[in-house]
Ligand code: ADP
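The form predicted alone is given below as one chain in structure tokens.
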């Protein structure tokens, strides 16, 4: 067994590998760019080596620097994680030449399966079902248009060396093809150093279901069941689960057999994933094979009880697999939610900055229930524009799918992040969504269920009462604290019982607190026949960022922030701004003037911190609604900014290469 390994990656996956290495008694070496000097994986590792500037091409994608770091630290093996160099044949070959073990498949398998074009040719030879398309590299726009026309729109333009949604675009008509090719090539070049593209048919109402395979150097290959990864946004997975709620035993066995056959065809060793597109009739088609550890591997670990990173290390050290196919038993259900630094209320645009608060739910494993959080950040750390926006992977495991979803909802309610925008409210909303809970999924789920974007889950009457009652409880606790300050005038120490609650500036409720104990408050909401009594029990104290307790006999948790006299609460994806005032103060507050927001309709503003890739307009140009005006890159993804209306360009305020903050002016209309 190895005594020391180097992790050629960053963030949560580097931290994840370090945890298993520690458990196995193996020392670890971290590598880091200038932007990651204070990163968590650097602190966790036994040793750390600086490898260059923030740009991936000059640090994490530099084979020479990684190999040199191995030699300096005498690391015997390298775990590549996912992304970066994990599927680069040249990297595996360079390590082999330097007599350093690669904790992954052999170079032949990486070359054969890592190239999406070649992998489809090999899959066809291995009699694996394939998606209709053009199996070959497209040379130019003219050829792409011809191929797409022959296949029939919609089509997918995909990077041959792609993965993680990078370099992938769905094209519904020929007019969109040129921009799709350009953006796919730019993303692929930046992420993988390879801008080759191919085209295949886009299957409507698809599910994304993948099979986890595991092989050793002795010809043994098994599969560990499937993962459902259909909840995606911009072709990037958001929520994954194992097993799939859609597959029956017959389809599962057939997909597993084809995945194993393909892996054996390339003498696959280590952990890998064979991805399939599955239509509504359970017909499945080979999509690609990822010759690395997947982001969503924890859900497979939770239902099988296996540590995939440990298996990879043991295989790389020459050990035989300790389990056979008949030993693989799937137990219970696991869900993974990817916590991203992005603003769901602004079309999921990336968010960067400092994590002023980062308080994940406590990890725990009790009978029938597990909460696991894989992360690479810490409170006070910074989310950079240079890398992937993922903050953490929150996972739950329970005896049934419904129980795992409910446990995830509770865990998300306890997850507190401040300082940057994040997608936790969106994830909470999905967990309560009727269609998701019913398992009626497709890769179009988010586009279909949130057509007009995400504006928060519906604030139902039940949720409104629950959140209003919690706000009253917290207001009373703050009032109690104020009255304990020394020097109070006699007679003002009693906390008032009559209050008025305003929810999101419109709903005004009369409130009377009936009985109080140290941790219990009985609240009567409303007047007359519509009034209802709600008991709140909690140990919440002023200043805490989450409320946890019982409301009307039901265990609840919600995120709490305070701005002036307003409680901002988030619970199950619904958000509410709540004020709790004395009736006279509430009556006077209705006369306060509200400052209108500035008119920005004549400006194209940068929607996120990012780098300007190109400007497609100039002063005096007439533009039509829908035309591309600029391309801004953030966190390795290109975002095309389009005109929202017809107009004439009055001023161009930015140029390619500019690094802009959020809401910076790019163009001004006349």
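Residue numbers count along the first chain shown, from 1. Computed from a predicted structure; not experimentally measured. Rigid core (definition): largest C-alpha set, two forms, superposition within 1.5 Å.
As for the form predicted in complex with adenosine-5'-diphosphate, it is not shown, yet the points below apply to it.
K.L.:
Can you check whether residue 571 is within 4.5 Å of adenosine-5'-diphosphate in the model of the complex, heavy atom basis?
P.N.:
No, residue 571 sits far enough from adenosine-5'-diphosphate in the model of the complex that none of its heavy atoms falls within 4.5 Å.
K.L.:
Residue 131 near adenosine-5'-diphosphate in the model of the complex, any heavy atom under 4.5 Å?
P.N.:
Output for residue 131 is yes: heavy atoms within 4.5 Å of adenosine-5'-diphosphate.
K.L.:
Wondering, does residue 215 line up within 4.5 Å of adenosine-5'-diphosphate in the model of the complex on heavy atoms?
P.N.:
No, residue 215 is distant from the partner.
K.L.:
Quick one: is residue 200 in contact with adenosine-5'-diphosphate in the model of the complex, heavy atoms, 4.5 Å cut-off?
P.N.:
The answer is yes: residue 200 has a heavy atom within 4.5 Å of adenosine-5'-diphosphate.
K.L.:
Within 4.5 Å of adenosine-5'-diphosphate in the model of the complex, do 343, 350 and 388 each have at least one heavy atom?
P.N.:
Checking in the model of the complex: none of 343, 350 and 388 is within 4.5 Å of adenosine-5'-diphosphate.
K.L.:
Using heavy atoms only and a 4.5 Å cut-off, determine which of 393, 227, 158, 422 is in contact with adenosine-5'-diphosphate in the model of the complex.
P.N.:
The residue from 393, 227, 158, 422 that makes the contact is 158.
K.L.:
Pick from 397, 223, 466, 116: which residue has any heavy atom within 4.5 angstroms of adenosine-5'-diphosphate in the model of the complex?
P.N.:
Selected residue: 116.
K.L.:
Thinking of adenosine-5'-diphosphate in the model of the complex, which stretch from 577 to 585, 280 to 288, 78 to 86, 301 to 309 has heavy atoms inside 4.5 Å of it?
P.N.:
Residues of 280 to 288 come within 4.5 Å of the partner.
K.L.:
Of 233 to 252, which residues get within 4.5 Å of adenosine-5'-diphosphate in the model of the complex if you count heavy atoms?
P.N.:
Going through 233 to 252 in order - heavy atoms within 4.5 Å of adenosine-5'-diphosphate in the model of the complex - there is one hit, 235.
K.L.:
Using the rigid core as the reference frame, would you say residue 192 shifts its C-alpha by 2 Å or more between this form and the one not shown?
P.N.:
Residue 192 C-alpha, core-superposed: shift of 2 Å or more.
K.L.:
Superpose the two forms on their rigid core, then report whether the C-alpha of residue 170 is displaced by 2 angstroms or more between this form and the one not shown.
P.N.:
Comparing forms between this form and the one not shown, the residue 170 CA shifts at least 2 Å.
K.L.:
If you line up the core, does residue 305 shift 2 angstroms or more at its C-alpha between this form and the one not shown?
P.N.:
Not so; residue 305 is displaced by less than 2 Å.
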